[in-house]
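Read on for two forms of one protein chain; each stands alone as structure tokens, with the labels structure 1 and structure 2.
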Structure 1
Amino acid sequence: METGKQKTFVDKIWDVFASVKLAAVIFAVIALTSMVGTVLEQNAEPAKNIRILVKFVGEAAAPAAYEFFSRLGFLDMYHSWWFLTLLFLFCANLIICSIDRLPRIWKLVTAPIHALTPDHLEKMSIKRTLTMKGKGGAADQVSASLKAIGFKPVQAEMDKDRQVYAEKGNYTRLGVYMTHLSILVIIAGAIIGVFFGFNAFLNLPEGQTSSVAYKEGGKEIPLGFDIRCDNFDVEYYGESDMPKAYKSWLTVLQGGKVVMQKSIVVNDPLTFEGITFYQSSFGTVPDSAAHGVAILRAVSKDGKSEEIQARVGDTFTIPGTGIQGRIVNFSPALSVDQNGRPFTYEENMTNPALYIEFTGPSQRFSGWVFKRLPRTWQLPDGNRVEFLNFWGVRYTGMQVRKDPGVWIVYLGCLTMAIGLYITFFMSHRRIWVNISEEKGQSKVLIAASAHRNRAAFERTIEKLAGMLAAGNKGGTK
């Protein structure tokens, strides 16, 4: 205490946290542990990770290795206490580093530029000398030239000389702080999201309504409103099985009243009262033929049309004709084998088809009608049966999220983008022009410094020197 040099315990801790070395260590530890976390699948069933470990340590040692990583929390490492501690240390380091260095930088930023002795100027990294003929007026000419390249010059009298100086971009030295601050803002936003938001899931069959979503582990989260899935469908590229869009038609209800309707696709979610629904997966209930309703539009030769809802086994009439159709069978994904026999190739509704038997006054015929192939809708007698949908057997899987912190995260991202731009593409530039009059001519010394991108600033100085030299010629005429 008496010497003032002895460091207290707190000072020592402070110094540790203010060092770039600690930052390096934290960077390294986060990076190394994260690597392990990407190899081991997170939150996966044990068998999967044991299979992965077998590749690294062999059959015999894999269960023990699994036990080891499991104990250390590597199987859900990004939420483990030690990883969160690392992130906390990272933030603490960032904050203390910044506070520790701020006063010095703040001085550089706020202290106005002042005249310097010629000795001092000689030591600058960028220098040019030239002579200007003619009496007086040199300082004003220098001022004008500095204004022309975008600086606001100040003039000062030295003992014998005059000096004109200017600076630009002094605040750009704070870009680094902006970048560091933005990381803290992003982490703060993430924390708000963790505490005041949720991540849940909802599988909603067509036609059903839910007032809750489910967290991992099955915990119910009340939404505060009802959501109904009116329909789900997959669009394909042409006749291929390559999906073009997954689409759910959703309705939001409050107290039984419809308040919002929207169809969502991947990349275009629905948001209501801060809760967002994202298209994430889908599925078909087993034994779909027994549970769904076929939605058809029967169109007669002379253009009368009617929409029909019918189940497998039901019969319908084509309007204005005596022809009756009976739905005999349904396949969620129908294909034809080498011998020309139709078969169902999967449970999902990739290529739904109905087998319909038609009985009319004069003729009988039957065949498969495909939802995705309009050419199969045309009947041999000129009437048409459009297969619009097979409804009620698919469910849409949605990611349900509430995150009040996301805007803070975005604000942090914006701050980071601006901060990085300032840090890497702008610089604090200072120019001093010293003018000493000797035997009727002015000796001019230009000295300058830039804390980044010196080469670019040197070109500016070159330009300034050129202007002064050219102005000089003009003055002697």
Structure 2
Amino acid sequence: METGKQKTFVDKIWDVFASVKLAAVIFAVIALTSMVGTVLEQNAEPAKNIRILVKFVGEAAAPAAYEFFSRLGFLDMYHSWWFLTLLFLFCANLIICSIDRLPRIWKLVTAPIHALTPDHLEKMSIKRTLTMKGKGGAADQVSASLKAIGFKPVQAEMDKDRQVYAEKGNYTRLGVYMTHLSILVIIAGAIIGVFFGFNAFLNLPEGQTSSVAYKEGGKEIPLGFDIRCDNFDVEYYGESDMPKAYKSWLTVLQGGKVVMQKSIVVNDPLTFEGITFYQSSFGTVPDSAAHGVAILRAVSKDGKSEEIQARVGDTFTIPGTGIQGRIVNFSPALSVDQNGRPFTYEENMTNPALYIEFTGPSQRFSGWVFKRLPRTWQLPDGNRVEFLNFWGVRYTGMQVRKDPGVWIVYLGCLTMAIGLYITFFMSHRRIWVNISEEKGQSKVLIAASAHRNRAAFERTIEKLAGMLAAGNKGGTK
């Protein structure tokens, strides 16, 4: 016997990377490590991840576990050398597997269909037989019926028989390669996003402008333009302190000129020059009473109104009257205890209130005016002071993200969807119809094959047989 050629080192390496088992192992390792990287917050403060680890390993072992995962690079996993190596191995395995199997698949794709012997057709799993009355004309009727169901038939002589055959969807065998390509495109887009993009945050107070965002640890990321928070507002559920929605009004400036303005809410971000600002949180700046500007509308009892901007300590006049108001105090979240004494229960602007003293020619009164409680706007003398806003004391918390690879990822996802549709819902279908004459009748044998979705193709064959039988008033079996 002739001995086979001994494999070289390169051949052995090729065989390893052409193995489906290796693909399964690499994919499993990537999945398991990604689970750890998802549970542990990437590039976060140590205290955050230690609190997470306490839930899994207990308070005593959490610091040691944190140190272990930190040394292995799990706290910045998607930039680590070993994770990128796993992705490289997976891509190499996918490419080599595809190349290794491509010649056989390509031969099936490009090989033209040809006539087969009746014995060969009898062995096919999909087949139907019927008789057609009369001589001649059967091949033309078969061709017409094949055209009606979307095939382009070819006729050929087979000894005493005539055969009509056709194929469709031969290139659908490459659908799996389209899916493989999409995976490579998605990975390429993700890697581009990791190395050429960033994830940062920005807490921007009302009225202030920033040209940078910040990564964990306070590292500045230049934006290449300025962004300003013009206003921020929160809507609550009724009189509760549960936020219902919050919105930021932002302005983008370049060279001191306004180039874009947009209000953002959760799931409706602002994007400019590839950088996206997502609404994520909010808060109150320290010493808000000293920095804020109260926006009021003073309305006299005879209908005269005026919008007023004043700070704590300033005075204003209700239009058309001699009554003056002086803002004495401000609380971002005011409540009253059991003894009727007011107190501030938190620093966030959940229930802002102004303490205003009113003086007039013959009267003097004072009290708290709440932004969220319009009933407190009405004064005892019939005038009204509406508390519209306390501006300049809140900041909008935004996630700032740049991902230049995101469109490549979208392209990969679209390619994958097309590839999966071709792979699972389309197939290479071939039909042979052998026609032989017996005693003044035509005996017809329909044989077919499909490399996928055989059940659906069998229904097509039933339809073809029915068309031929109905057209000739013959029988099928």
Partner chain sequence: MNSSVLFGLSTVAYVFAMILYIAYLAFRRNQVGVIATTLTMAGFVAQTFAILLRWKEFYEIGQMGILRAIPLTNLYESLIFFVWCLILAYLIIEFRYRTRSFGAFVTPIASLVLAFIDISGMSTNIQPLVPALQSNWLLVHVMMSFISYALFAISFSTGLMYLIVKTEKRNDPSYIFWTVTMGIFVIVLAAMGLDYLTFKFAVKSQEELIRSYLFRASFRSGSGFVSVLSLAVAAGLLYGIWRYGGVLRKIVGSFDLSAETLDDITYKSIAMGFPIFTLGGLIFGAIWADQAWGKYWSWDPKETWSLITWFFYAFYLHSRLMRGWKGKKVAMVAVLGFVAVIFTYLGVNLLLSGLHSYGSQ
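Throughout, residue numbering runs from 1 along the sequence of structure 1. By rigid core we mean the largest C-alpha set that fits within 1.5 Å across both forms. These numbers come from a predicted model, not from an experiment.
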Between structures 1 and 2, the form predicted alone corresponds to structure 2
Superposing on the rigid core, is the CA of residue 211 displaced by 2 Å or more between structure 1 and structure 2? no
Against the rigid core, is the Cα displacement of residue 34 between structure 1 and structure 2 at least 2 Å? yes
Look at residue 78 and decide if its Cα position differs by 2 Å or more between structure 1 and structure 2 after superposing on the rigid core. yes
Once the two forms are overlaid on the core, the CA atom of residue 49 shifts between structure 1 and structure 2, in angstrom, by 5.7
